[in-house]
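One chain is shown next in structure tokens, namely the form predicted alone.
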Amino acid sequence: MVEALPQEAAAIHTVGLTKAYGGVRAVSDLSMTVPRGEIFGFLGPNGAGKTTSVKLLTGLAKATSGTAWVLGKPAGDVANRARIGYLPELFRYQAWMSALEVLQLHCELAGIPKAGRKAETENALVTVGLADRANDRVATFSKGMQQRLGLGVALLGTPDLVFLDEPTSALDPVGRKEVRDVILELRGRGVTVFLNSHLLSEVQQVCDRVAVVDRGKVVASGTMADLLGLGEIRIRVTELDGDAMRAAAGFGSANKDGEWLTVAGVTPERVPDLVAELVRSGGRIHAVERGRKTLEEIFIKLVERP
């Protein structure tokens, strides 16, 4: 059997994706792969090109150059859109409409057959926890409830891939938890979630994999464990001479404080090699500890300006 190509096997696969507006590049040479069935965090500072990237992937904007595949089809494929849900960062529903009416309207706009609309709206309301508020007007909803209603709209048609653009922005902790629970439930159902967010603590709690973009380019990507593994290793070592310090510097930024050597930027897979190199260089190892880094600390390090 022929092995599937990345663009066929992945939920999203891009190579050199670029979008320019005049002389300004909003997205520049974006290359990444999003596996199916995972929650993928797409992170970056304001102006990094996150929203533009989402527009390119959903077909709302056309790339200047490069290629992108979404669910095995070229990005923007019309027939493929029925398999994709999208919650934009800024959305508003008519205050006088009920939650059920909002969902019914979007079923019609999405071309969902009439025979299936009742089941679609009921499933969406249950999934986002609004079944008991189906007939209440949007005007009576809190921000968290409106955000969950937006998620319900994005889930109509049982999509395989859902794009969420800042789904927890402006929400209080209770509202963020409500949305987070929905996102985790989607993953449990096998749905791929592409989460564009600047709330890094939220991302750290739910995402399986992340990509950090800056100035339109991916500057780091991998599983959450991979990215958080770019932290510090603290080693209590004696008899450490200049050769051993030079060996440690080959694994990352090394600093010595008494008997403790700190090496930043070491992935978990390279820790045994680091320890072995120190021993070969004459060092005596007494303890090895991993420093605890947050996603926010890693993110700031990746995108900080000179």
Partner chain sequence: MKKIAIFAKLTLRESLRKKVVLVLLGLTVLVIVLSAVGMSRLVNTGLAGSSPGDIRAAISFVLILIMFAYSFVLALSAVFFTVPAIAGDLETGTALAILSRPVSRAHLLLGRWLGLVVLTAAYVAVASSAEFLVVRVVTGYSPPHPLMFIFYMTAETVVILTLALLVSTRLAPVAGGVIVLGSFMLAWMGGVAISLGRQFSVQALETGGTVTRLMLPSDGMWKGAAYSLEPAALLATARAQGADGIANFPFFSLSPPAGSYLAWTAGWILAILWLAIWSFNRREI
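It should be emphasised that the depicted structure is a prediction, and the values quoted were computed from it without experimental measurement. Positions refer to the first chain, counted from 1. The term rigid core refers to the most C-alpha atoms you can superpose between the two forms while keeping them within 1.5 Å.
Form predicted together with its partner chain: not shown, discussed below.
- Shown alone, this chain has one stretch from 256-264, 52-60, 23-31, 241-249 that lies within 4.5 Å of its partner chain in the predicted bound form by heavy atoms: 52-60.
- None of the heavy atoms of residue 131 is located within 4.5 Å of its partner chain in the predicted bound form.
- Its partner chain is not drawn, but in the predicted bound form it has a heavy atom within 4.5 Å of residue 106.
- Residue 19 belongs to the set of residues with a heavy atom inside 4.5 Å of its partner chain in the predicted bound form.
- In the predicted bound form, residue 94 approaches its partner chain with a heavy atom inside 4.5 Å.
- Proximity to its partner chain in the predicted bound form, defined as a heavy atom within 4.5 Å, holds among 82, 139, 126, 219 only for 82.
- Though its partner chain is absent from this view, in the predicted bound form it lies within 4.5 Å of a heavy atom of just one residue from 225, 119, 184, 110, which is 110.
- Superposition of the core reveals a Cα shift of 2 Å or more for residue 95 between the shown form and the other one.
- After superposition on the rigid core, the Cα atom of residue 80 is displaced by less than 2 Å between the shown form and the other one.
- Once both forms are fitted on their core, a CA shift of 2 Å or more is seen for residue 149 between the shown form and the other one.
- The pair residue 60 and residue 94 approaches in the predicted bound form: their C-alpha atoms are at least 3 Å nearer to each other than in the form depicted.
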